[in-house]
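Next up: just one chain, as C-alpha cells, the form predicted alone.
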Amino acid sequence: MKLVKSAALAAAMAFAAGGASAETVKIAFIDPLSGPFGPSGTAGLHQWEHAVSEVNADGGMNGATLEMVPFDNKVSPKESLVQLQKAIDRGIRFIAQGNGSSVASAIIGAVNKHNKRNPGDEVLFMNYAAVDPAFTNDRCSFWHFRFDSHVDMKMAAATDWISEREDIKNVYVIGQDYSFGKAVAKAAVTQLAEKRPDIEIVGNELHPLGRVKDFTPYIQKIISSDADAVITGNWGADMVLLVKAAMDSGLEAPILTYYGGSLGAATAMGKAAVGQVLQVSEFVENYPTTDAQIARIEDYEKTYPEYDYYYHRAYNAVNFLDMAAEKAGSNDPVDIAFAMEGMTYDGPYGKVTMRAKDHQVLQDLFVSTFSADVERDVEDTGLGWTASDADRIAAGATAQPTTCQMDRPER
C-alpha cells in the first residue's frame, strides 16, 4: 500500500512541475473581453472552451482536465503583459492569444525572457489569430506556435483570386494602423506587383485601430478612386463598421477580406453584400465536411446560441496540444513543444501540419463568398459563406519561405 501511495504522489508531483495538477491543466486566454473588440475575444474564448470540452470528454490530456482561464487584455500590449504575469504567478504555463499582432509581439518577447530566466518553469504560447509574418520569420521563437495562416499566406490566396480577373485594373488597400495592417498593405503591394504588374494601387490607407466610428469618408474615397477591388485585413468592430459603410454608400467593387466573418459583419452587410464580399480563411461553414465536424458545429452553436462557429483554428490548436502531450507522454510545455514540431493532423478540412522550422501551421485555405444560397446561415440572417473545390487553395500553394533561425533549448 505504501508503494502505491508513493507512486501516486510521484505522479502528482510530476504533473505539478508542468504547471498542472493530476486533475487540471490550465490555459490562460489573454484577449479583449471588453470594449469594441470584446465580442471578437469572447467568441474566441468560447471556441477554445468548446474545444477543450471535447478533449475532456475523451479522457483529458494524459488524464488531466483542461481548463480555460480568461484574462481581459483590452487589446492593449501593456495590459497583456500585466495579465500574462498574473497567469504565470498562478502557475499557468500555457497561453492562448490571437486578437492583435501588437499584443502577440509583446507576449512573445515576455515569454522568451521568462523562459530564459526560469528554466524548469517554461511557458508555451499558442497563437490562434495574430498573423504578422515576422513571428515565424526573423522573430520566430521556440516557445511560440501559430495556428493561423499568416498575412503573406492569406494574401497569396487573395492576390491569386484578383490576378485571374482581367477586369480588375485598380485596387484599393485599407487597413488598421499597426503592425498587422502594415503587413497586409506590404503584402498586397508586393504580391500584386509580382502577379499582375498592370494593376494600379489607387489607394493604400491606414486608419486608427478601434477609433473610427463611421467609415463613410473612407468609403467615399474608395468610390472616387474608381477601384475595381478592395483589400482589407480589418477585424472585429473595424471590419463590421467598414463593410456597413461600404454597403450603405453603394460601393460595388468586390471586397477581399481576411475577417469578413467577424461577429456582427453579416448583420451589418445584409443582402447588399451578397456576391461582393469575400473572405480568406481555413474554414467555411457551408463547405462539405465530415459528419463529426457538422455535429461539432451544431453542438457549439447549441452551447453558445448567441455565437456562430468561426474560430476553427482553436480546435486545431487544442488537438495539436493534446496529440503532442500524448506523443511526449508528458504535460510539460518543453516536452510538448518538441513533440509538436513537424506534427501532422488530418482535420475535417484537410491535412494540417506544424512546420518544425518556424512553428507556422500549413493548411488549405478557402476564398469563400458571402451568399444567400446557404444551408447554414450566420447571425440568423439567412445569409452565410460558401465555397467550392475551385475556391480551395492547397497548403503548398500558400506556404511561404521562412527566414527563421530558431534557438532551441537543450534536452
Partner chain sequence: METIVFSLLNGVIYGLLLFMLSSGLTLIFSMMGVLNFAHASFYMLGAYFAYSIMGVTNFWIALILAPVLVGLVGAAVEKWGLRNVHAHGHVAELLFTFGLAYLIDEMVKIVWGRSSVDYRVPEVLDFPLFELFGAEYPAYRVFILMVSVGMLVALWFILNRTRAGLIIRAALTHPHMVGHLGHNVPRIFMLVFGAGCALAGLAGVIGGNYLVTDPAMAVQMGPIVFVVVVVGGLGSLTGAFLAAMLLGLMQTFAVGVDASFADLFGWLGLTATSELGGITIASLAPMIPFLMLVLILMIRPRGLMGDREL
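Remember, predicted model here, so these are calculated numbers, not experimental data. Numbering follows the first chain given and starts at 1.
Beyond the structure shown, there is the form predicted in complex with its partner chain, which is absent from this document and is the topic of what follows.
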| Per-stretch contact check against its partner chain in the predicted complex, the hit in 189-197, 120-128, 287-295, 207-215 (non-hydrogen atom, 4.5 angstroms) | 207-215
| message | Even though the partner isn't displayed, in the predicted complex is G250 close enough to its partner chain, meaning a heavy atom within 4.5 Å? | response | yes
| said: Check I223 for me: does it contact its partner chain in the predicted complex (non-hydrogen atoms, 4.5 angstroms)? | reply: yes
| request: Report yes if any heavy atom of G350 sits within 4.5 Å of a heavy atom of its partner chain in the predicted complex; otherwise report no. | output: no
| said: I'd like to check something about T344: if you look in the predicted complex, is any of its heavy atoms closer than or equal to 4.5 Å to a heavy atom of its partner chain? | reply: no
| Every residue of T24, V25 and G329 near its partner chain in the predicted complex, heavy atom within 4.5 Å | no
| Looking at K244, H312, H144, R93, which has any heavy atom no more than 4.5 Å from its partner chain in the predicted complex? | K244
| in the predicted complex, residues of 79-106 near its partner chain [heavy atom within 4.5 Å] | none
